[in-house]
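Presented as structure tokens, the chain that follows is alone, the form predicted alone.
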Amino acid sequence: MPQLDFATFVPQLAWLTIVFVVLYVLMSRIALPRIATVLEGRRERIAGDLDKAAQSKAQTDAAIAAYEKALAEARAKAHTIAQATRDKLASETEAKRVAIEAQLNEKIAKAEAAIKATKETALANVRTVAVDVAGAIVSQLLGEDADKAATERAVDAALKG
């Protein structure tokens, strides 16, 4: 193998050094700056994307906070409206209840007055009927007409006692 021939070993090392130096210069002057430029562009693009993502996240957080605030305000307003409606309906119901109770009390008072008048009329009629019946019974038992004043006194005494 020619690589292991010691007679050509020194020139091979020289050529190796020359080729290595040329490749190193080419790489350091041409290829590596281009690669560094590409890498720097990628870093800048990534940094820009991260900044945009941070801005988007901040905007999203602000939008979420505004949404939650608006939702809380809407809920509070709905609660206020519901409470006002409940209060209004309660007061209307109470007013209607009071009006109906007044009407019922008025009707009850009229009915009680009518019952009292009917009772008094019935009791007056009962007295008259009782006097007539007692007079008729006395007449049939004694065979003569009963004294009207005595019969009335007897019925009044029986009704009181």
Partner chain sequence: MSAAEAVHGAAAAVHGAAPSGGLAIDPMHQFHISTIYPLHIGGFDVSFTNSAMWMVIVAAAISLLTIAGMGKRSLVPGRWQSVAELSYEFVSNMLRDNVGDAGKRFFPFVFTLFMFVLFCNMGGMLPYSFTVTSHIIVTFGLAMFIFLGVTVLGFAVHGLHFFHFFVPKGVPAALLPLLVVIEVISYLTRPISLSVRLFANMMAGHTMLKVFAGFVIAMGWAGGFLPLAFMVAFTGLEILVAFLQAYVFAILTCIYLNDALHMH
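Worth saying up front: this structure is predicted, and the values here are computed from it rather than measured. Residue numbers count along the first chain shown, from 1.
What comes next is about the form predicted in complex with the partner chain, which does not appear here.
Novice: Quick one: of 28, 93, 59, 105, which gets a non-hydrogen atom within 4.5 angstroms of the partner chain in the model of the complex?
Specialist: Checking each option against the partner chain in the model of the complex, the one that comes within 4.5 Å is 28.
Novice: Let me know the one among 42, 110, 97, 127 whose heavy atoms come within 4.5 Å of the partner chain in the model of the complex, would you?
Specialist: Among 42, 110, 97, 127, a heavy atom within 4.5 Å of the partner chain in the model of the complex occurs only for 42.
Novice: In terms of non-hydrogen atoms within 4.5 angstroms, which of the given stretches 129-137, 62-70, 42-50, 97-105 touches the partner chain in the model of the complex?
Specialist: One stretch meets the cut-off, namely 42-50.
Novice: Give a yes/no on whether residue 34 approaches the partner chain to within 4.5 Å in the model of the complex, heavy atoms considered.
Specialist: Residue 34: yes, in contact with the partner chain in the model of the complex.
Novice: Should residue 156 be classed as touching the partner chain in the model of the complex when contacts are defined as heavy atoms within 4.5 Å?
Specialist: Taking the distances in the model of the complex, the answer for residue 156 is no, it never comes within 4.5 Å of the partner chain.
Novice: Going by a heavy atom distance of 4.5 Å, is residue 141 a contact of the partner chain in the model of the complex?
Specialist: Contact check for residue 141: no, nothing within 4.5 Å of the partner chain in the model of the complex.
Novice: Residue 10 versus the partner chain, in the model of the complex: is there a non-hydrogen atom within 4.5 Å?
Specialist: The answer is yes: residue 10 has a heavy atom within 4.5 Å of the partner chain.
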